[in-house]
Every structure is written in C-alpha cells, then in structure tokens.
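Coming up is one lone chain in structure tokens, specifically the form predicted alone.
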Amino acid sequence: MPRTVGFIGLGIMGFSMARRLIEAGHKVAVYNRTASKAEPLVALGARPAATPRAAAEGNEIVISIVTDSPDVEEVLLGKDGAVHSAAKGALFIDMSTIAPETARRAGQALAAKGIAFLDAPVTGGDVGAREGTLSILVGGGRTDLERARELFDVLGKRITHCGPQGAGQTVKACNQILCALNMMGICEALHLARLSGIAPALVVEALTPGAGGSWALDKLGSRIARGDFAPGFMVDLIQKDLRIVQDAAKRLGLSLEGTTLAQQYFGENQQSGEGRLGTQAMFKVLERAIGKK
C-alpha cells in the first residue's frame, strides 16, 4: 500500500534511498538544503518541499538522513523543523549516524508532541543505498518498527531491532569501528602485495571469498586496485562518526587504540585535502608514508 512520506536529506545515501521509495510507488515529499539536488526526484514524481516543516506536512512518516547530531535536531525540532507540521501519531525515522544520546533526546521531545520515533542508521554504503541492500539498525519500539517495515523492506536487506531508542546508533558506532579497522587492514595488505610485485586486484579477487574477506575488501579494495577514490562514504564523515564512537567509549571507560590510529590516518587525509574522498583514500596516507622511507 502506498505510504505518504516526507524525506529530508538527499546526500550520497539519501538521494538513492528516496528514489527507491518513489520508484516503489510511495508518495514522497523531498527536502534538501541545496534544493537543486531534489530536481531529479521531482522529475520522478516527488513533491518538492522548501523546508523540513513542509516535507512533513500531511505525511504519516518522516525520514531524515543528514550529516550530524546538530543537523538532526535542526531539521526535526528547529524553527522550520518537521515537528511543527507533523500530525499527532506520525512516525519519524532518523537514519543519520548521530550520537545515541541525541537520538534519545529527539525521541523524548517528539513523544511530548505525540509523535513516535525510531533511530535507524544504516550501513552498506552507496551501493547498498542504490540497490536496496542496506542493513538497517533500529532503536525504538517494536510496534513502530512494524509500522515502518514496508518502507524498510524497500531500502534494506537486513532489518535488526537493536533495542530502545538510541540502541540503533550504538550498534552503528560498533559498525564504524569495524569499518575503520577493516580499512587499515585492507590498505596494509594491498601495499604488502604491491611492494612484493603482486597486483592488488589479484589479492582482492583471491582473498574476498576467504577468512580475511569482507564487504569492504570486495567493494572498496577493488576501488583501490583501480585507483578509484571517489566517495561512497567520505573521510570527513567517518571522522565525524569516529568522534561519536570515542565519546561513547569514554563514557564507558573504554580505550580504543585501533580506532585512535584509524582517526590519525584519516586525519592525515584531511590535512592533505582529501576529506571529501572515499574512506579507501587511507591507502594514499600509507603510500605517502612508504615513499618517505
């Protein structure tokens, strides 16, 4: 059954996710800070919205996927936020990657207005967003998850209820640790191969099915092998996510040495003007370090 959806945020992930919902037959209103990004979706039948408030108006479900915790608070609860036009009983789903405590605060603020809330960050990169194979990590009530399932099934292949509000973001923080440390392993392995006279593409093909294989080796290792550093997920964004990870770990008294090293590498990308490249650009940091020896 077609649902009425307000969709806020049309970045690398959000654009493809909104397009999938439109192509699945749902009635979607789209908002993006840079309005021109919405034009291809409007051509597919979406309704353009000038503000988050306008995107929420008349819609039973509102999805947001924006950059950081303050952005989520602004588009949902700010002066022109979606909360101001949403009907009582609406369901808001934030699919950004933000701090767990921000998700909990948003959920409490929305509950006071009679609006349900799920934090539902995703993993699977730009490929998963285009193909509808994302993993969706859901925090909030099971009943609200079931209300959203029809839409989630369009966007993702695996939907996991992680616990109460904020739990989805906690599991996403765990994911970002794995992404960062996995990227370090991939970059070190491909440099070892390269310096030994073995083509990185061969290593990716040979090892992806084995015990050392991973989604990142398959998708991002192959990009490294062909010199493709375009972003599926940007260095700047994983650095934001790893700050969230470290804040959560600090509250628990947990030291994350591997994550700290990954942050240093990604920081060197940023210092070299590579913050808007894909996370596989960590390869360049190690390449420069090797060249100095």
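In this text, rigid core is short for the largest set of C-alphas that superpose within 1.5 Å between two forms. Keep in mind that what you see is a predicted model, and the values were worked out from it rather than measured. Residue positions are given as counts along the sequence shown, with the first one as 1.
The protein also exists as the form predicted together with a further copy of the same chain; that form is not presented, and the subsequent description refers to it.
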property: Contacting member of 42, 225, 248, 237, with respect to a further copy of the same chain in the predicted bound form [4.5 Å, heavy atom]; result: 248
property: In the predicted bound form, the residue from 145, 181, 116, 109 that sits within 4.5 Å of a further copy of the same chain by heavy atoms; result: 181
property: Region of this chain that lies against a further copy of the same chain in the predicted bound form, out of 88 to 96, 73 to 81, 182 to 190, 148 to 156 [heavy atom, 4.5 Å]; result: 182 to 190
property: 4.5 Å heavy atom contact, residue 203 to a further copy of the same chain in the predicted bound form; result: yes
property: Proximity of residue 266 to a further copy of the same chain in the predicted bound form, heavy atoms at 4.5 Å; result: no
property: Contact flag, residue 256 vs a further copy of the same chain in the predicted bound form, heavy atom cut 4.5 Å; result: yes
property: a further copy of the same chain contact at residue 102 in the predicted bound form, heavy atom, 4.5 Å; result: no
property: Members of 166 to 181 lying within 4.5 angstroms of a further copy of the same chain, judged by heavy atom, in the predicted bound form; result: 167, 170, 171, 173, 174, 175, 177, 178, 179, 181
property: Yes/no, residue 100 Cα shift of 2 Å or more between the shown form and the other one with rigid core fixed; result: no
property: Is_shifted residue 205 between the shown form and the other one (CA, 2 Å cut-off, rigid core); result: yes
